[in-house]
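Take a look at this single chain, the form predicted on its own, given in structure tokens.
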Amino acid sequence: MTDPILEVRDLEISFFSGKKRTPRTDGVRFSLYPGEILCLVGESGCGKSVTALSILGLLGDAGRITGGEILFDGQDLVRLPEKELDRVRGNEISMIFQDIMYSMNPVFRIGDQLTEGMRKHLHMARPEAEQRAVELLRKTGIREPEKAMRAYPHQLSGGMRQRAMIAMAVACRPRILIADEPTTALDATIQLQIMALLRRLRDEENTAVLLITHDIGVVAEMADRVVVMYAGQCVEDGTAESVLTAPRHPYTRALMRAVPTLNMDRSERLYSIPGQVPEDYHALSGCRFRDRCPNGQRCAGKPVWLDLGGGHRAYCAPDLADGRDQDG
């Protein structure tokens, strides 16, 4: 088996306000391999996006990595000087941000924003960069790429902005593409097209893709492997087939149960996980899902990592990761 291109080891991220420190993730651990699509899944507020931003050192002034390592080709990005990290950002590792409306500079044309990275990282002359930008826009499905090059972001539809953002992210042929909810607010047809585009880019360039989503349908369609996050921690990981067909952590099973199916009775009430992700989850001891878990009343064990075979693991009390929930 090839070595991972990215390894996140025991990642701890905290945010600071004055002297107050608020941990947002702890013990986050996963690996990403060349040509693989790894899905990071969980509800909003579980720490998925902040984990992705930490890889590129984009946590802002208040955020800080307070523990762990992020190894890119064996080099720890956490300890990399800012100038050297700039050579990685947008070049070796690119990101499609969640909010596409605010991910592009509104006062610059699409063409200028597309060519900037190529001229900086690939040292292309302007005409060469513009030619490649047009090719990328056409490749991402924009029918009139020359016209899009002259447009400002607000002049494009949501789907076209997303395609332009993808073109920008892959312009320098990154080895890793981080996609944070890349289909948010897009209609179903455009979502399918964007997912197909990401798969094609992976297949043609052998790009490793870290895809962040809360949509289990997207996970089933896209993922080679899955990491499930809850309340700042990883709680289950494995191949997409093993996690989706035989989930073992009660949270993963609850996520799967909440997905509507085509053969559901129309009178059947859609399932939703009771409660919500706790805000101050760093202050909780033991299992952070306990108050929402159907097994919470009988759970007294401390969660541990359980090896379920075939690279499938779950972070749960040993007697509860047995595939059975109290309520069925």
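Since the structure is predicted, the reported quantities are computational estimates derived from the model, not experimental observations. Residues carry their position along the shown sequence, with the first being 1.
Keep in mind that the form predicted together with a small molecule is missing from the display, and what follows is about it.
In the model of the complex, at least one heavy atom of residue 15 sits within 4.5 Å of the small molecule.
Residue contact check for residue 46: one or more of its heavy atoms lie within 4.5 Å of the small molecule in the model of the complex. Proximity of residue 55 to the small molecule in the model of the complex: non-hydrogen atoms within 4.5 Å are absent; the residue sits far from the partner.
Of the heavy atoms in residue 281, some are within 4.5 Å of the small molecule in the model of the complex. Per the 4.5 Å heavy atom criterion, the small molecule in the model of the complex is contacted by stretch 46 to 54, the sole one of 26 to 34, 290 to 298, 66 to 74, 46 to 54.
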